[in-house]
Ligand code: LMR
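Just the one chain here, laid out as structure tokens, in the form predicted alone.
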Amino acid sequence: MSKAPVRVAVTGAAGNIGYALLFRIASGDLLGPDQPVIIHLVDIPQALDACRGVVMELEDGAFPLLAGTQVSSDPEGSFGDVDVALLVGAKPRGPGQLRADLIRGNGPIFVGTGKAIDENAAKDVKVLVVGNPCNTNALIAKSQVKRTDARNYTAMTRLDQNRAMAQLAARSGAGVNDIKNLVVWGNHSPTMFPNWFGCTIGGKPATEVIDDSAWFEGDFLKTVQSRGKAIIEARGSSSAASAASAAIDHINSWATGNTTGDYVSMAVPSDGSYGVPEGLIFSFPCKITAPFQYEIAQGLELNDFAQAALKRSWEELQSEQDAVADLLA
């Protein structure tokens, strides 16, 4: 192996998303076909035997890029010298629970995780929060930062982008690769906004290829915003393989610049761009300027419909921030 191994931690490693992630990380899909990895499988103590079973499977896969594994539930040991952390583990929403209950239930988990990462991971660690509510969980983890870079704490809206691209491809008859710069703004929630106004299909504006504003503002928007719920109703459990695939896409684009256009959906700490209150973890169109470097794309035009959608989403995130104010360091 010519390159030094990169340490990648996956929390909730014994779960369905974690299981779908680990083999793709070992195969090189996350960081490239020539980048060795050491995978840290992180989970609660009751799940460690299952993690050890997954390690056996990883070994049996004989992946050339897999330079080692580590299984742990100890916060300090789990994130020691980690370069990339995929925070998948989180409490799911229980029967009768509201989103606010989920936020409060997961908050303390991400306080501890954020603190452990900041104290033990590599100083330039890159963090992706997948466990929901991912924007606010990322905000909580970021609030613990004293040593690491707060800009590197991100949340996943790439799944929403992928879902939106698939819907446009199906409606237009184009291939997914023909869909460029379909970016999701805001919160990973029903207030998210997949901005079709700035998107192209086969080099033409999406609104010219699909000349149906009622469909965009109705079925398309509703389908993207409620896709997770629809999958739960259809299969009896939440998205796993598609969520894992989107997490791979998020990190791979960030690491390599391989995006679906000039920019890509990433929920990152707001710097006040487009009027979004500073500090919120908000999904913006981001440009990858160098390996593991991003910038929020500037100067994009937003019509009244889009501006109203962004405002609804950031107001929701502000209310979520208020709900966990006591957890923010």
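In this text the structure is predicted, and so the values were computed from the model without any measurement. All residue numbers refer to positions in the sequence shown, first residue = 1.
The next section is about a form of this same protein that is not shown, the form predicted together with this ligand.
Check, residue by residue, if His40, Val55 and Gly68 all come within 4.5 Å of this ligand in the model of the complex, counting heavy atoms only. Judged in the model of the complex, none of His40, Val55 and Gly68 sits within 4.5 Å of this ligand.
Would you classify Gly228 as touching this ligand in the model of the complex, given a 4.5 Å non-hydrogen atom cut-off? Because a heavy atom of Gly228 falls inside 4.5 Å of this ligand in the model of the complex, the answer is yes.
Given that this ligand is not shown alongside this chain, does Asn132 nevertheless sit within 4.5 Å of it in the model of the complex, heavy atom to heavy atom? Yes.
Arg163 near this ligand in the model of the complex, any heavy atom under 4.5 Å? Yes, Arg163 sits close enough to this ligand in the model of the complex that at least one of its heavy atoms falls within 4.5 Å.
Classify Ser238 as contacting or not contacting this ligand in the model of the complex by the rule of any non-hydrogen atom within 4.5 angstroms, answering yes or no. Within the cut-off, so yes.
Where, among 212 to 220, 229 to 237, 144 to 152, 193 to 201, do residues come within 4.5 Å of this ligand in the model of the complex by heavy atom distance? That would be 229 to 237.
Name the residue from Ile251, Leu159, Ala121, Leu168 that puts a heavy atom within 4.5 Å of this ligand in the model of the complex. It is Leu159 that has a heavy atom within 4.5 Å of the partner.
Do any residues of 179 to 193 have a non-hydrogen atom within 4.5 angstroms of this ligand in the model of the complex? If so, which ones, in sequence order? The stretch touches the partner through His188 alone.
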